[in-house]
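What follows is one chain in structure tokens, specifically the form predicted alone.
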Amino acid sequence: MNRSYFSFLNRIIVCGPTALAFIVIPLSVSAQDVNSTSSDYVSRAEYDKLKAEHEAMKQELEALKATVRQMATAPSPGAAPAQPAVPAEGPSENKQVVTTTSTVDELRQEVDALKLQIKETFPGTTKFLLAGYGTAAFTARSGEDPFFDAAFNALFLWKLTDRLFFEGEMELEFEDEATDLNLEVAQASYLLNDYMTIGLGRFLNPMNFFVERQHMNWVNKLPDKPLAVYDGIFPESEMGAQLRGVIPIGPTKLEYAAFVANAPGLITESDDVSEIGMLDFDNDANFGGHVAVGGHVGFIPIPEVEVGYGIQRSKVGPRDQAVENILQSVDVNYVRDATWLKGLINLRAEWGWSHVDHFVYDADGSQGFGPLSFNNNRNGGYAQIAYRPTHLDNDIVRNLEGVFRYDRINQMHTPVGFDEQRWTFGLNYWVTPSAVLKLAYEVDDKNGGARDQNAFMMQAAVGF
């Protein structure tokens, strides 16, 4: 290269930081203006203006980088074609080349820093998704007035960074002639690595497979929920912290979840004697100050099959009279698209056990039924099979799905005083993959003198 070329290049390099300064200064002023008025309303026109300025800056930066690359690599004007290696140039010429390379590297670093600054100050970097589901239903149960009802669950998902997430679920439903608003989920999650995620807040119970993965009305294949595992012997949500993930083991997978949370409460006083000795899973204030520890392990030997086991242990009751509570569950799930059956077959089963140690209820007799001491042990669950002929040519028939479920809860030796079992037959029509119409008839059987309540149910559910 000749000296005139190096002189021209140095002038460009010297001017580069100055040009960058004219870009950075307006950006800094804009960032200060945004920060100083962050609490004010930003109009659409202001947003569009900022977006246009951002795009213009990106184009200028790309053009500047292209010019620097071209000047650093192109031969000087009039230079001779490349020749075989010649003896090294003089010391002053080598020094000039080293200085030029160093300056180009510094300019590239400044450009990268400016791009990062633009990315961090530009609005709209947080990703947000609104999902959820809604239902409308009709129920006619023997011994009760038939009724219509509806519910709506909204699921809010935020991606704050590539590792930090937040989810919240809000449920609105009719109950006791009023609209109830419930907070089902409010959890912040952080991705530690590919096999481990930590969550804090209110989350669905990991030890209960149905509650965590099947309770959504457009996923659940029948209009009502099974006995025992839903609104029965397990809590639906936990308030605490959890650690979970999936570990590949050769061709198989191991799913795991471990959590600590507020312990359930023990019902020792109630106007309804049948509730005495049962667990209060809405113990958000953590009466008694106890901590529940539990988890769930699921093994997937082949993609179609998963078997799991869950457990939760805690103390329940007043501090000075606390007794032990153990909840356990087992679950099996099988899903396969079978060509020989010309459709999709789905088998699910879950069974749970609840144990509460001996406790003396109404020790002074003030409630009129004590003193009474007993173990509160209950168990129950369900088994379900569903089939959909997805391989048939008829569009209407292949959107139909037949469902059968058997569910049961055993609580004869508790103040409830009866066991219950049900057989439910259902027929679904899938309008879309996330919209379904359901019809079902349920045969109820209670012993211990309780009245049976057969039911006819209809439900429309939509997930979005």
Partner chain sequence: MTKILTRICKWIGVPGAIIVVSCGGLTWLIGCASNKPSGEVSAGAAHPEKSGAQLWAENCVRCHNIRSPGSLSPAQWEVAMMHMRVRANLTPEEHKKILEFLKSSG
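Numbering follows the first chain given and starts at 1. These numbers were taken from a predicted model, which means no experiment stands behind them.
Absent from the display: the form predicted in complex with its partner chain. The rest refers to it.
A single residue from the set Val111, Leu155, Met239, Ile267 has any heavy atom within 4.5 angstroms of its partner chain in the model of the complex; that residue is Leu155.
For the options Pro146, Gly143, Pro303, Pro371, the one in contact with its partner chain in the model of the complex, meaning a heavy atom within 4.5 Å, is Pro303. Figure note: of the listed segments 158-166, 226-234, 135-143, 269-277, the one touching its partner chain in the model of the complex, with heavy atoms no more than 4.5 Å away, is 158-166. Proximity of Asp194 to its partner chain in the model of the complex: non-hydrogen atoms within 4.5 Å are present. Residue contact check for Phe287: none of its heavy atoms lie within 4.5 Å of its partner chain in the model of the complex. Proximity of Phe174 to its partner chain in the model of the complex: non-hydrogen atoms within 4.5 Å are absent; the residue sits far from the partner.
Although the partner is absent here, Gly295 is a contact residue: one of its heavy atoms lies within 4.5 angstroms of its partner chain in the model of the complex. Along 346-378, a non-hydrogen atom within 4.5 Å of its partner chain in the model of the complex is carried by Arg348, Trp353, His355, Asp357, Asn377, in order along the sequence.
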